[in-house]
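Before any questions on binding or motion, here is one chain by itself as structure tokens, the form predicted alone.
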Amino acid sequence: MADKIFKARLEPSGREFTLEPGATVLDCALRQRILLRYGCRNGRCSSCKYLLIDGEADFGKTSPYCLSDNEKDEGWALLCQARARSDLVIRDQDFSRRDDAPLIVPKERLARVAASERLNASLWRIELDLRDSISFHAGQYIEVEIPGKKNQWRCYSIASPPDRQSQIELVVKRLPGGGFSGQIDRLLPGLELAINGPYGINYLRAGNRPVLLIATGSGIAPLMSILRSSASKSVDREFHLYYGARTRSDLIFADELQRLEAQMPRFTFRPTLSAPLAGDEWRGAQGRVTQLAQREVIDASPYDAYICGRPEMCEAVSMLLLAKGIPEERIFRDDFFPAA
């Protein structure tokens, strides 16, 4: 039974794909160019929660906050963790109002560390040279395998623009005891790493609508990819970045963002500090990024919004923008969950 190949059918769309032995339902779908809604791919954000209408699955490792026992009994599953035990029929999502770009099939490839730079007390910038170039949409992320730990991966958003396909830039937050980030000072140039991707559906959509970009901490990384790409293409579109940090040193890329503001006539950069130091000599906005958005975004209905950072911030900003009139399908979230 373990090696048997099953099939999945999405209803009511009728889309079908093969379920390979040992692979998650989500991975099987992406490999076969079937786009499903998903987020962290670690069973912690509930973005890929779908109802199994028929069939049996191993639910895998999931957070009880994202998938309760009662939901499992009802047939709900997180497809990033679920593995088929039979053919599956899955209730599909309504994509009629979505404007997704063509899916880029994730692929495992090798990379070498080209450079690493400490940006502040906890954040590092890592540049990777790729043996095989990578295609991705601005705002997507990759997985990086932990050195010395086969098949243990960590997710990091790509900060560089898509036109740099042979070298990518990541922003890594060092966490105490972190499997990958705990080794960051040993990521010397030339070290070979396995990466996998691209992943993520919170990339910049085409169109003419104005764009809200809201981030805290390392959540600035995917938004830098969006802004750098838009600047290089001279995209004629409004962009408004609200970037929250504790102190001035935590506002990484601030100098580059100010240069982009001067370069892009329809881009505004609005940083805010929640705990500025006396030595920061800060004259800008103070408070949380949610408070700044509350004051300055009067009507959110015309916008597309891209929100990146800690889950509680993403949730608070999403609720705020919904109350200010933005349609739910135009909110794109990238919640940064620490690895379990």
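Note that residue numbering begins at 1 and tracks the sequence as displayed. Source: prediction; values computed, not measured.
Quick note: we don't show the form predicted together with a small molecule, though the next part is all about it.
- Note on the partner interface in the model of the complex: the residue among Phe180, Tyr203, Phe267, Phe253 having a heavy atom within 4.5 angstroms of the small molecule is Phe180.
- Shown alone here, Ser225 lies farther than 4.5 Å from the small molecule in the model of the complex, counting heavy atoms only.
- Not displayed here, the small molecule is approached by Ala221 to within 4.5 Å at the level of heavy atoms in the model of the complex.
- Interface membership of Leu175, defined by any non-hydrogen atom within 4.5 Å of the small molecule in the model of the complex, is confirmed.
- Within 4.5 Å of some heavy atom of the small molecule in the model of the complex lies at least one heavy atom of Cys155.
- The candidate stretches are 186-194, 164-172, 84-92, 125-133, and the one lying within 4.5 Å of the small molecule in the model of the complex by heavy atoms is 164-172.
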